[in-house]
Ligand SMILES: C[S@@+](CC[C@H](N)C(=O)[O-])C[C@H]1O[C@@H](n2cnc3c(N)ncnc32)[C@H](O)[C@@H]1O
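This document opens with one chain alone, in structure tokens, the form predicted on its own.
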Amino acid sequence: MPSDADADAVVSTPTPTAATTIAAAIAAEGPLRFDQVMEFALYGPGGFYTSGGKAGRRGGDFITSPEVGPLFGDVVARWIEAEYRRVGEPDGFTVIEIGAGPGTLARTVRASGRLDFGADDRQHMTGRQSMRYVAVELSATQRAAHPDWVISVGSLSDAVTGGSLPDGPLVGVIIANELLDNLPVRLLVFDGAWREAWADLGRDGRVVEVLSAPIDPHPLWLPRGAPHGARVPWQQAAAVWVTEAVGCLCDGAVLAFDYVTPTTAELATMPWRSWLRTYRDHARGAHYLSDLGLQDITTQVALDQLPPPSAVRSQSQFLQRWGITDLVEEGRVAWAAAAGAPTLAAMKMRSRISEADALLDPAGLGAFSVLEWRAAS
């Protein structure tokens, strides 16, 4: 029978942090590649997203387009509706959002009233009534905030093995808002030649950066030369994600919103802190090997490392293409009609003006890129 001392020992066992997990992995296995460090720091035990890091105005660490207000989701709903029509309005049309956070985009897409999600029994439903919304989110804390009408899962395979989705190609759309920039990247540094950044333990036990021998073979997208100390991301995980996401669909499209640079060579000429960034509490964070697990790590997406998209637009262009101007004008009219005795509904319509300003800002969210890949039908 355990003694009181044993019980106290169990209770007082410290919760692992990302920093201690990374240090233990290096001590046991030797140096880790940067993408492995980033994986631990964001998604491992005590990682930023597994321990509470998130988007949002209150209690969040940064703002993404869905948190600006419901207007973004209304426009995205228009795009989803157009895709539904384009593929022939099939039964069982599925919307999958990867990295859904607390479900903000899902709520605003549904609130638009353009699509029908949330029926209790889909067995005999047809058309729009048979639509599914799958919210994929690694963080259990954020999944707990999902509305009960979504299929809430930690990974897409969970939805398949759990019987929520058919085991095979789907008809529908896959949406990723600021996901690609958070997928772990390998990190290359120019020091006479391109070398790969690894993490090791220094004499004081802190995680420090070490460089490999020159990279061989040399990826085609990697410039031959660069300024000393230049850095670029090697986005293997993002390229694999896009390929697998498109492969999930027998018809439909993948839509990704992110900050994108056309070529890796352009990133090599930029100060690396401008594209390899950390965030915490709505402010820029420390060096990417500092405060592991306590801050977000995010990278600019190099388009030339991804499968070629079917379409590339700025977020401003995308939102205007799918009717944000009409929605804002509708809001102006509704507000003018109710200005003498404004209601909550009228005030929400009026807020579309300020939301649109933020979403279309060419110096901010409006400059994000929207990448679309069509699945072969």
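What you are looking at is a predicted structure, and each value in this text was computed from that prediction instead of being measured. In case it trips you up, residue 1 is the first one in the sequence shown, and so on.
The protein also exists as the form predicted in complex with this ligand; that form is not presented, and the subsequent description refers to it.
Triple contact flag Gly252, Pro309 and Leu371 to this ligand in the predicted complex, non-hydrogen atom at 4.5 angstroms = Checked in the predicted complex: no contact with this ligand for any of the three.
message = At 4.5 Å between heavy atoms, is Val150 in contact with this ligand in the predicted complex?
response = Val150 lies outside the contact set for this ligand.
inquiry  = Asn182 versus this ligand, in the predicted complex: is there a non-hydrogen atom within 4.5 Å?
reply    = Flag for Asn182 set to yes.
This ligand contact in the predicted complex: Gly285, any heavy atom under 4.5 Å = Answer no; every heavy atom of Gly285 is more than 4.5 Å from this ligand in the predicted complex.
ask   = Would Val136 show up as a contact with this ligand in the predicted complex if we use heavy atoms at 4.5 Å?
value = Result yes; Val136 sits at the interface with this ligand in the predicted complex.
task = Just give me the single entry in Asn177, Gln235, Gln300, Gln295 that has a non-hydrogen atom within 4.5 angstroms of this ligand in the predicted complex.
result = Here the answer is residue option Asn177.
task = Taking 4.5 Å between heavy atoms as the contact cutoff, choose which of Trp335, Phe40, Trp322, Tyr49 touches this ligand in the predicted complex.
result = If I apply the 4.5 Å criterion carefully, the residue I get is Tyr49.
task = Look at the stretches 337-345, 24-32, 324-332, 65-73 and give the one with heavy atoms within 4.5 Å of this ligand in the predicted complex.
result = Result of the contact check: 65-73.
request  = Could you list the residues in 92-112 that come within 4.5 Å of this ligand in the predicted complex, counting only heavy atoms and keeping sequence order?
outcome  = Contacts from 92-112: Glu97, Ile98, Gly99, Ala100, Gly101.
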